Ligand SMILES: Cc1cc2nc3c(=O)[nH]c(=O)nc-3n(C[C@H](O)[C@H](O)[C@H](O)COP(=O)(O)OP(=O)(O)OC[C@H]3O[C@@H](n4cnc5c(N)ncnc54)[C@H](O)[C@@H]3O)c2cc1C
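The form predicted on its own is given below as one chain in structure tokens.
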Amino acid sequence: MMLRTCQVLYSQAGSPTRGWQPLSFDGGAFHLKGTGELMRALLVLRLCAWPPLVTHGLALQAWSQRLLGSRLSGALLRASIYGQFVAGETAEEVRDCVQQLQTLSLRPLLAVPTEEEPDSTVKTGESWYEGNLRAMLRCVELSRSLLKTSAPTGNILMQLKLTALTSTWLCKVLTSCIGRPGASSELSPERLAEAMDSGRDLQVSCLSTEQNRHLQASLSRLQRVVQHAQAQHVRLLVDAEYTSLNPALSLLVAALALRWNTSREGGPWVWNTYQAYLKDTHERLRQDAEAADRAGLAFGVKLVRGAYLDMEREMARLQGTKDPTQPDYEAANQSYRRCLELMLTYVSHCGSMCHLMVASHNEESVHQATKRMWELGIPLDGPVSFGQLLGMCDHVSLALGQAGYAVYKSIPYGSLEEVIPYLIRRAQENQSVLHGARREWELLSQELRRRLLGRGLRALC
């Protein structure tokens, strides 16, 4: 049914765009930011685009601590990288950051920084995942408290990394199990959802006793997070990871969706992330949207280009498997455009039952989204939102926010010890995004020159 509707809507996509004006991403909205913020952004973004700093970031951090001491090293980080990309450590610091964003018409998308270390018994044991569960529950409460309203609202969003609550090794085993004959019934979303709801033991034949025990504990943790988030009116956006994990992660999301994305629950509380740089993303997205429609489920999507391009290609080369990624940058762009068109058409048909976050730093993609929203009659502050990283792409975020669109900034928070390794690994995964920040540097430089020259002229007068 939805496919036929989409075909009709696609045939009508040529409607005139008279009255629609593209947003200007020329940095004009930078007048909303302080001079100190602009100077820090220019310095940090330039540093992060220097490959040796990103590649050897963890080693450089350890070296600076030995050379300068923890106090001075920490102060430099707080004044630079940490201050640019992190909301703070305490709830009060996070609230201050969010209040500043809200004055700029931007919204928070909190993220708990967690990094699993497979060779560490401390960071892979069951107690570590239970600690992450407590951190996720606190993040739900903080996300809710940041919005100063007592009424239930549908626009509080939070990121959720499933491998903070279940191990990567289990996800890899589950991914290999999914492709085996007979696995469709034993590892069905329905069976996992029933186990989550009932709390009864789930036995999967391809898993060992220890793995089955860990799966049961993981399902319990996931159920508790979503249950608490729904009670607090916070929607969870599940992060995508590597292709060796994603089939298992999508299975867990599908199980959660069966329970929490029903129409009686009030729309999608659990969203999945789709990476357009993978060759099969458009087809998977279409199939998942139609499956949700057939089941009467709400459907939530965060659409990204993807962050693991080089690592995915290297793993495919080492394993002798087919490269899952698009062959080049333009092919990835075309994939993103097709996925975006598909989802905007679904949103226009389904309304509040289908939500989309256009998570992109690409100006062309944002222009496409805003134009098609106008053509399809999708309201600016409705089921479509936009997302960028805190401290990056502010010329796009600010322009969108000032125009009335729903714009979220992905905000990690926590101590230096927790967040710096997380930031360095994210920078290593997003080097293409950091290299693409050249336009933002130029706009920042222009705004700073305008201010400094203006002050100089005033001083002469």
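Note that residue numbering begins at 1 and tracks the sequence as displayed. Given the structure is predicted, the values throughout are model-derived calculations rather than measurements.
If you look for the form predicted together with the ligand, you will not find it shown, but the lines that follow are about it.
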| item | value |
| --- | --- |
| Segment assignment from 369 to 377, 96 to 104, 269 to 277, 138 to 146: heavy atom within 4.5 Å of the ligand in the predicted complex | 269 to 277 |
| In the predicted complex, the residue from T345, N261, S335, Q388 that sits within 4.5 Å of the ligand by heavy atoms | Q388 |
| Option touching the ligand, based on a heavy atom within 4.5 Å in the predicted complex, out of L252, M158, V86, A240 | A240 |
| L109 within 4.5 Å of the ligand in the predicted complex, heavy atoms | yes |
| Partner proximity in the predicted complex: Y129 to the ligand, non-hydrogen atom cutoff 4.5 Å | no |
| Close approach of N362 to the ligand in the predicted complex, 4.5 Å, heavy atom | yes |
| In the predicted complex, A193 touching the ligand (heavy atom, 4.5 Å) | no |
| Members of 303 to 324 lying within 4.5 angstroms of the ligand, judged by heavy atom, in the predicted complex | V304, R305, G306, A307, Y308, L309, R313 |
